[in-house]
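For reference, the chain that follows is the form predicted alone, supplied as structure tokens.
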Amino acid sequence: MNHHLVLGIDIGGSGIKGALVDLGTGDVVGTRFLRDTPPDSTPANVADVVAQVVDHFAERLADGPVGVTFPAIVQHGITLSAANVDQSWIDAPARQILTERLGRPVVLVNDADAAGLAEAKYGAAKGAAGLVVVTTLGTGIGTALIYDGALIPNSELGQIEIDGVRAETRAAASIKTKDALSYDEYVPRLQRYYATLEKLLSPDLFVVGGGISRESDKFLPRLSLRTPIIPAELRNQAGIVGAAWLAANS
């Protein structure tokens, strides 16, 4: 039994994926296990699928907590919102529900926070001092604030209002796709967003994730900021890695 291996599980609107993570390196060990998120994505139904993921890895798991990400504000184990999942998650005692269903402790964390923490511990922001703002440009804009390696949870900075609209309704990667924006059209929107965050937070580093970060060379060099801005490194396994790290360190 390798006690450095911890299970991280990433709950999304379409899929629930899990993997064992070597906390010494931050690497996913073996293959990820994926199940569809149930169409009726209530807490009980999702907990049943999470249990399938845990059962899949049971033989290689040490006793101890499992890390789970969720697309919601998570405060003291309670989910205060619900993005792309059933509305019954709002104000649900999610950590308690999962802990009882799995029969083992659960550390529950917002999905963007988990990804941001993974970048700080193992990825693009490893060893970075001061305030790191990790943003995920996807369907919306997820954000994580990390200060000297410690997570400041539930920042939700995709929701800030800029020029009278929620920032993510203009600058998320999904909007670029939906409105068929060229980078010439999209970059000014990112500039406005990151310049606003810079003014509000004076960060030491921006890290940009999400699928679009694979093309970061087409837009990051065109942003005019005082703060260094770099692409994320861990891609779609960041949530799993961050959740596992938190499970072992909470």
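Every value quoted in this text rests on a predicted model; they were computed, and no experiment measured them. Sequential numbering from 1, following the sequence displayed.
What comes next is about the form predicted in complex with a small molecule, which is not displayed.
Comment: 156 to 164 is the region of 156 to 164, 125 to 133, 95 to 103, 173 to 181 lying near the small molecule in the model of the complex, near meaning a non-hydrogen atom within 4.5 Å. Though the partner is left out of this view, Ala83 does reach within 4.5 Å of the small molecule in the model of the complex, counting heavy atoms only. Using a 4.5 angstroms limit between non-hydrogen atoms, Val107 is distant from the small molecule in the model of the complex. The closest heavy atom approach of Ile146 to the small molecule in the model of the complex falls outside 4.5 Å. The small molecule in the model of the complex comes within 4.5 Å of a heavy atom belonging to Ala72.
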